[in-house]
Structures are given as C-alpha cells and as structure tokens.
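This document starts with one chain, in the form predicted alone, laid out as structure tokens.
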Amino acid sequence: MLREIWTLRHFWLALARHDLKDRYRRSILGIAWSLLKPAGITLILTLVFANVFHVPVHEYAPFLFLGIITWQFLNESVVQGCNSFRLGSTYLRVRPVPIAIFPLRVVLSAGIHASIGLVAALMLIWYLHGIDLALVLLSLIPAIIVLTITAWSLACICGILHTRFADTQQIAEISLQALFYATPVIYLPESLHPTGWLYMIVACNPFAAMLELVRRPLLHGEPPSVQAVMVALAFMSVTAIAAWLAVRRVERRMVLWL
C-alpha cells in the first residue's frame, strides 16, 4: 500500500496544491495567513498570560508560538481529515486508489502551514536566544516524522468514522477542545502543582509529549526527555496500527459508502 501511495505521489501532491490554491483564492495575503493567524494569537495571548504566569515576554512568546503551530497542525489534520474521503469521492469512483491518499492530502496541506510557522519560530528564537542548528536538525527531523505519522493516522481513523457516522467531526472538535486545555499549549507545565490532577493528566498526555519533542530542542537547547519520546512513539505506533487495520478493512467498501 505504501509503495503504491509513493508511486502516486504526483497525484496527492497535486491535490494538496489544489487545496491550497482553492483555500486562498481571491485572498489578498494568501498563504501568509498561515503565519499571520498564529502570530496574531501569540501576540494577544502573550500580552495576557505572560503576566499571569510571571514569565518574561521574550521567553513566553516563543514557547506559546511553537505550541500554537504544533497544535494547529494536529487539529487541522484531524478535523479536516474527517471530510477527506468525501472530498475524494469523485476520484474513488473513477479509479481504485489507496484510500489513505486522501487523509495524506489533508495532512500535507496542514504541514505546509505548520512549516511556514516553524521557520518563523526558528528565526525568532535564533534572534532572541540563538540556537544550536545541529541539535535542532537532529531533534526536529524525528519529531516531524512522529507528528506527521500520528496526524496521518488520526486523519485516516476520523475520516473512516465520519464516512459512516456524520457526527464524528463534531465529536472530534469537542474532544480536541477539551484536549487543548489538558495540553500545555498556552500554560507552562512547570506552573502545575506536582500533586494536582491536571499535572497527572498532562504527564500522561501524548499530545503534551509531542509538544515537548518540538519545544525542548529549540527553547532549551537539549534533546527531549526519554519519557516524552517513549510516550510519543507509543502513541504514534498505536494510532498507526489502528489506522492501517481500519484502512485495510474498509478499503474495498469505502466507495459504496460515499
């Protein structure tokens, strides 16, 4: 299946390119919104929460910006992934292709947005603190692979469920909203009480571990903790296996559901 997906790479790359063009058609700023939106949210939240958490602005702003672009990538992959098979129904009816291509199309579009934000974050952190490029590359490349596989797997699972149950997207949005507050996107993990219930949730939260994969090398100049790596890899493996089994099970029937 993966070999066939790679063979059809020009097809799903063209689909992702078409999605971006269609999304920003008649927009004055175009794809620049993928940077302006998280930057604007970061600016507003920094003005509020930097004082709440008693953190210097030059430390909190990069922390928050990295959290927002990473979370938006995962959120967009899951929510848009719910409609990925319905959007690709025309192609599925014409020619049998691996159905996992269509969630990948969504993840690739979200990844382009996240990549623009990540480059901006690298420039900001380099300007404010300086960074070790060798460590960043050695740490970020595996982190990006883990995030991409996880997002692709979740998009496949949600897309299959949404094709059968139309309420899936609303449930996913509510669940992600709850997870947002259980994940240290806007608050520092160090600000939580070590014996509190929220601290325990964050410690076991795979999304918090994925944020650490991105944040720690850039903000602290050190590799992520072993616990974060193990939690992120375990979650990636579970979701990837579940997605693969689900895709193999419904691949022949998907066109009948659309």
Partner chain sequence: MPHIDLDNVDLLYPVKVHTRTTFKDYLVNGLFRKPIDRPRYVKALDQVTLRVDGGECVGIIGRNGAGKSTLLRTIAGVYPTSAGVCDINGKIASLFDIAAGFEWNATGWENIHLRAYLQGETPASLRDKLGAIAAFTELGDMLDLPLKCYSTGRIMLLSFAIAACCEPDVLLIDEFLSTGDLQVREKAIGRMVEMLRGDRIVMIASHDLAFLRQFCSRIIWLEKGRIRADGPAECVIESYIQSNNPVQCKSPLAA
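Numbering follows the first chain given and starts at 1. Predicted, not measured: the structure shown is a model, and the values here were computed from it.
Below, we turn to the form predicted together with the partner chain, even though it does not appear here.
**Student:** Please pick out the stretch from 89-97, 184-192, 130-138, 68-76 that is in contact with the partner chain in the predicted bound form, where contact means heavy atoms within 4.5 Å.
**Tutor:** Result for this chain: 89-97.
**Student:** Whether Phe11 contacts the partner chain in the predicted bound form should be assessed with a 4.5 Å heavy atom distance threshold; does it?
**Tutor:** It does: once the partner chain is placed as it appears in the predicted bound form, Phe11 has a heavy atom within 4.5 Å of it.
**Student:** Taking the partner chain as it sits in the predicted bound form, is Leu256 near enough to touch it, meaning that at least one heavy atom pair lies within 4.5 angstroms?
**Tutor:** Close contact exists here: in the predicted bound form, Leu256 approaches the partner chain to within 4.5 Å, heavy atoms only.
**Student:** Please run the contact check for Ala166 against the partner chain in the predicted bound form: heavy atoms, 4.5 angstroms, yes or no?
**Tutor:** Residue-level check for Ala166: yes, a contact with the partner chain.
**Student:** Answer for Ala243 alone: is it within 4.5 Å of the partner chain in the predicted bound form, judged on heavy atom distances?
**Tutor:** Outside the cut-off, so no.
**Student:** Within 4.5 Å of the partner chain in the predicted bound form, heavy atoms considered, which of Ile112, Ile171, Ile149, Ala120?
**Tutor:** It is Ile171.
**Student:** Note which of Leu176, Leu161, Leu124, Ile116 lies within 4.5 Å of the partner chain in the predicted bound form, where distance is taken over heavy atoms; exactly one does.
**Tutor:** Checking each option against the partner chain in the predicted bound form, the one that comes within 4.5 Å is Leu161.
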